[in-house]
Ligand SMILES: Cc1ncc(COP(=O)(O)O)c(C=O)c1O
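First, one chain by itself: the form predicted alone, in structure tokens.
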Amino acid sequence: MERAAFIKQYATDRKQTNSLKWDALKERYGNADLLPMWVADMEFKVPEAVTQALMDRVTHGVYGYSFTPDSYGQALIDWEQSRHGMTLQKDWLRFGSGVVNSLYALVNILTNPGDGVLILTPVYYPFFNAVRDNHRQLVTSELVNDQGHYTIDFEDVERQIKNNEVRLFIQCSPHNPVGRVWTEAEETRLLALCEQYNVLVVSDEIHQDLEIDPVQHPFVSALTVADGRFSDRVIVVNSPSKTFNVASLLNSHVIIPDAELRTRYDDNIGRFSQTEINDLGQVAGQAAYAHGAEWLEQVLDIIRDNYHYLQTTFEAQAPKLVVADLQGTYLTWLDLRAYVEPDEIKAFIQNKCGLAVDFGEWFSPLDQGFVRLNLATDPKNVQQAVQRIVTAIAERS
């Protein structure tokens, strides 16, 4: 399908649909008229096969308690194999109502109060909450920022593990918000440190399918690093929610290759979750995994074009603004500190640019002056947001 035809068919107005992104601006930002570029979901309708599968299920008219069919697990297994070369087994699979809920449960299951839990910052802010809310010791290691290209400070990671009795590392892969897809070499070094110091790993891989350049920067799951060498200490959490824009259907996966860890999870998950599976979420997920690949490729091309437009426009019209190297996710990370004082960033973005964004300090207290923008939207929204920023910067000079 041609790009324009795809956008015409799938891009949609989400106002007055109880959309958190579009309809909660007054409550969240104090201004209902901002252009929302924040929440990590899309302005694209789901693949037609997903809509049809949901309609077929809804037409039945009964929504009682359900279980996960083997066909869902097989659709997920087939997707991971064909998309990422990852071989899963059905007995590794557990299901949840969302990745964040699973993070909360896993922090409780895998650690004790007071244990150190490591995260690499800046990072998706529920990671902080999952540690603090459960009365664990939050341990952070800041990524190294070289003009928008982020790397891991392995020496600091080791120092933090040793000095803070770290028992769990929560990884974000691909990394939100900085957009890195970790290489196998980086993953190997990181997981080897966890092995050396007996640290368990929960790898949030919800953005795994959102590869911007899968040839140069292919996603590598923590489960496949070094031919699966570390899989006895790794639990992966993911979901079709980001890939196929089905977040509100509350369906996610917990993938546990190690039998001992599976038993530990099964024996304890009931203390933190008594929720049955969301049947509609799994109906949607199965249809998406079976029939959504072509739709995803179209969306990825739009994201790539949106990123290229943003990058080239800022290079030409606001050259001191640093755009992070986007390798994965559909979230671009901008450093505006060359133009805006960090403590003025909210007033600049909201009052001068009229935008609702995720602010840098949400992801790390050291990142005030950064913002995160969502590129999984109609190109006209990205163009409008970029032009507002460029215009507001020009007015300051």
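Counting begins at 1, following the sequence as shown. Keep in mind that what you see is a predicted model, and the values were worked out from it rather than measured.
Keep in mind that the form predicted together with the ligand is not shown, yet the notes after this line are about it.
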Inset, instruction - Please determine, with the chain shown alone, which of 83-91, 217-225, 238-246, 137-145 has non-hydrogen atoms within 4.5 Å of the ligand in the model of the complex. - result: 238-246
Inset, instruction - Would you mind picking the one in A40, I345, A53, L34 that has a heavy atom within 4.5 Å of the ligand in the model of the complex? - result: A40
Inset, instruction - Name the residue from W182, F169, Y124, Y72 that puts a heavy atom within 4.5 Å of the ligand in the model of the complex. - result: Y124
Legend entry - Partner contact for A130 in the model of the complex: the ligand, 4.5 angstroms, heavy atom: no
Inset, instruction - Determine whether any heavy atom of I206 comes within 4.5 Å of a heavy atom of the ligand in the model of the complex, and answer yes or no. - result: yes
Legend entry - Contact flag, G98 vs the ligand in the model of the complex, heavy atom cut 4.5 Å: yes
Legend entry - Exercise: S231 in contact with the ligand in the model of the complex, heavy atom 4.5 Å: no
